[in-house]
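Just the one chain here, the form predicted alone, laid out as structure tokens.
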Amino acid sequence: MALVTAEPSWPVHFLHLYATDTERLSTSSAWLRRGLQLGERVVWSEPSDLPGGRSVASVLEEGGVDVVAARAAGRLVQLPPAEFYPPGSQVTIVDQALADGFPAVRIAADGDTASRTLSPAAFVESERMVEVLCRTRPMSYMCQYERSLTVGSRLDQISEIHPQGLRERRGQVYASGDVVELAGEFDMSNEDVLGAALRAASGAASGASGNRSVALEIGLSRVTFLSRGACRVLVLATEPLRMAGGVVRLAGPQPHVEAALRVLELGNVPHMQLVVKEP
């Protein structure tokens, strides 16, 4: 099955789960190159003991970026983990970039390195501070985690800290308020990722609504495959929201995805609606 090539616009703060180091480098360099194109200060941190000596800087150079000139102009900043992760460091990094006249800051960082560098409590606090910074500063942030190490309760914890969504090799889940956009393919290989992301998005939407019932829309127009198990995840991951009086709308599925949803009768699940485009 093909990788996802089209997706909604990348959110301000999101999680990237990578399967290989090549994938990590490709995604982070594309993300940072976009920041350079927009005139932002681009900052990243990665460990020095990289497989094969490959680094983000080398991939940027291969893509045509003059790394030496960008660094000299302060547009491109690489920091070792020891300088990047201590509490308060990222606030200083962002505020210094804005004071230097940059319109925004774009950051890519390795979450696994952060979890090894910081205590568990400091790690969670650091991630939550990033979320605050992304809401209060002109800043965007991509956190990268190795997929094979991000499972079970750790996947739930990391997804909850990144309620705006995630992307992985085959599927993407991006959330904004009471709208969640899915893209790509969801089957047994990434059903757990889908569930964690939907639980995080549902919880964030419920929390933002206060005492009001939530009408959560899950956009399916970019979904190319949805397995039976993934359909079950749509039901289970949104159950707390629906049982609290909220409504979930499955919106705009492609015809073959719509057919699967109808066969499994998701439109008959309590407080779940199937919304299709008129022919």
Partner chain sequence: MNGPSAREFRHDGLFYRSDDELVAAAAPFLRDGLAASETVVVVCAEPRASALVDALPGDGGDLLVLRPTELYRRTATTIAALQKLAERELANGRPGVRVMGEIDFGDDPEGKAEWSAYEAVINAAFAHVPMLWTVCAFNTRDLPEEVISAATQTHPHLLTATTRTPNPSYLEPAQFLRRSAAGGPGWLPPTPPDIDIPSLADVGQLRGGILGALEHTGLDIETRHHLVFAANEVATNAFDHGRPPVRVRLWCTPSRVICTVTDSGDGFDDRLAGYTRIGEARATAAAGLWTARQLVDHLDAARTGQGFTVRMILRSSGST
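Positions refer to the first chain, counted from 1. Computed from a predicted structure; not experimentally measured.
Omitted from view is the form predicted together with its partner chain, to which the following refers.
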Item to complete: Work out which of 106, 199, 75, 170 lies within 4.5 Å of its partner chain in the predicted bound form, going by heavy atoms.
Response: 170
Item to complete: Could you check which residue among 221, 227, 58, 26 gets a heavy atom within 4.5 Å of its partner chain in the predicted bound form?
Response: 227
Fill in: Option from 141 to 149, 126 to 134, 186 to 194, 77 to 85 whose residues, in the predicted bound form, bring a heavy atom within 4.5 Å of its partner chain
186 to 194
Discussion item. I'd like to know whether residue 12 contacts its partner chain in the predicted bound form, with contact meaning heavy atoms within 4.5 angstroms.
Written reply: no
Discussion item. Is residue 232 part of the interface with its partner chain in the predicted bound form - any heavy atom within 4.5 Å?
Written reply: yes
Item to complete: With heavy atoms only and a cut-off of 4.5 Å, decide whether residue 69 touches its partner chain in the predicted bound form.
Response: no
Fill in: Residue contact check: residue 19 to its partner chain in the predicted bound form, 4.5 Å heavy atom
no
Worksheet item: For the stretch 250 to 264, which residues lie within 4.5 Å of its partner chain in the predicted bound form by non-hydrogen atom distance?
Response: 256, 259, 260, 263, 264
